[in-house]
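One chain is shown next in C-alpha cells, namely the form predicted on its own.
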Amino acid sequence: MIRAGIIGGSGYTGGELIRILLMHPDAEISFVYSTTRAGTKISDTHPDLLGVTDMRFTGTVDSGVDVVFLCLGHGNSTAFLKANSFSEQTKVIDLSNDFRLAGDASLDDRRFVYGLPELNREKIRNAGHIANPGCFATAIQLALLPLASKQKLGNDVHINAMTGSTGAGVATSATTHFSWRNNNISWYKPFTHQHMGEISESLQSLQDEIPPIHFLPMRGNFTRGIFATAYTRYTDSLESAEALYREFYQDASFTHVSDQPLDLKQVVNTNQCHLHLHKHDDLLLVSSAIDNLLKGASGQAVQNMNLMFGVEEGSGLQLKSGVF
C-alpha cells in the first residue's frame, strides 16, 4: 500500500483527494494536515464523508510517508517544504503553481516534473516530484497538444473557457458568493491568466515556434467543471484532424475524442477529459471539457501518483458522472 499524506485538507482539492484515497485499492491515508482544523473530525469539514471515515485532521506530519500531496495556496508550497523535512524516499506532488514553470522547477535537491500524463507519462513514471498542472491549463493543453505535435499551430489561437465557482477556492469573495454568482457570468484576467506560462511551455516542447494565444477566462454560474473552446486556422480536412487527435490520445487513459458535441455534465465528478472537433470553412474549433477539481487538480494528482508508483494508471479513478 502507498502511504500518503495530505497537506491542506480542508479545501476543495484536499477534500477531493481524501475522497479518492479513502477508496483507492492501492493507497491509504497516513495523515491529513491542517493548521486551522487540527484535532477536528474530517467529516465535520467534509460532511459527505460522515460514516466513511472517523479520521481527524492533525497538526503534525509523518516524515516517512511514501508520497505527500501539497494542497496549499499558490506560493505556500515552497515555504512549507523549506520548513518541514521528509525522507529522501518521500515523493512530493504539488497542486499549486509554485513549480510548474521550467525556471521554478527546482527546490534545493528536488526537481519537479510537469505532471500532465498525456504529455509526460514516461518522465512522470521516473519522477521523484511532480508539479500538478493548473485546471485551465489542463483543459486547454489537451485541446491543443495534438496540433502542436504535428507543427499545425500556424496561426493565432483564440480560447474562451468557463469555470465553476470551486475554481476560486473555498474562501468566499465578492465573485463567489451565491447572490452574485447565481444567474450571472463574467470574464476575468483577460489575456493575462497565470496558466498561460505553463500552456506555452508545453506547446513549445512539441512545436518550436507557437503563434500568439489569446485566452479569455470566464466565471460561470455553476460549481464544478471547465468548458473550453479553442479555434484556429486549419486548412486540412476535419477527418484528418480527428485522425490526428485519436492517434495522439490512443494510449490515454482519461482523454477521449467524441463524435458528438460536448456538454459539461458528462465529465463532472470524473477524471475524464472529453474533446470534440468541428470545422467551419478554414477554422478548426476544438471543445474540451473537464472537472476542474478532478482532472484539473486532485484526480490528475492521483493519476500521477499511480504512474510514479507503478500501479494501474486508473486505479481509484473509475468515477462516473451524473448526466441527468
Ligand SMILES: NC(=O)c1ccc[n+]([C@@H]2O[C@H](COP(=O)([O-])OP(=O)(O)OC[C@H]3O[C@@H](n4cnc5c(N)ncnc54)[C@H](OP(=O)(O)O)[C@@H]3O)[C@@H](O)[C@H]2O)c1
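Just so it is clear, the model here is predicted, and its values are computed rather than measured. A residue's number is simply how far along the shown sequence it sits, counting from 1.
Keep in mind that the form predicted together with the named molecule is not shown, yet the notes after this line are about it.
The contact with the named molecule in the predicted bound form, taken as any heavy atom within 4.5 Å, belongs to 135 out of 131, 199, 135, 142.
293 is the sole member of 273, 293, 42, 68 with a non-hydrogen atom lying within 4.5 angstroms of the named molecule in the predicted bound form. Partner contacts here mean any heavy atom within 4.5 Å of the named molecule in the predicted bound form, and among 202-210, 114-122, 166-174, 241-249 they occur only in 166-174.
Using a 4.5 Å cutoff between non-hydrogen atoms, residue 9 counts as a contact of the named molecule in the predicted bound form.
Within this chain, residue 297 lines the site of the named molecule in the predicted bound form, having a heavy atom no more than 4.5 Å away.
For the chain shown alone, residue 82 is not a contact residue for the named molecule in the predicted bound form, no non-hydrogen atom being within 4.5 angstroms. A residue is said to contact a partner when one of its heavy atoms sits within 4.5 Å of a partner heavy atom; residue 72 meets this definition for the named molecule in the predicted bound form.
Applying a 4.5 Å heavy atom cutoff to the named molecule in the predicted bound form picks out no residue from 236-261.
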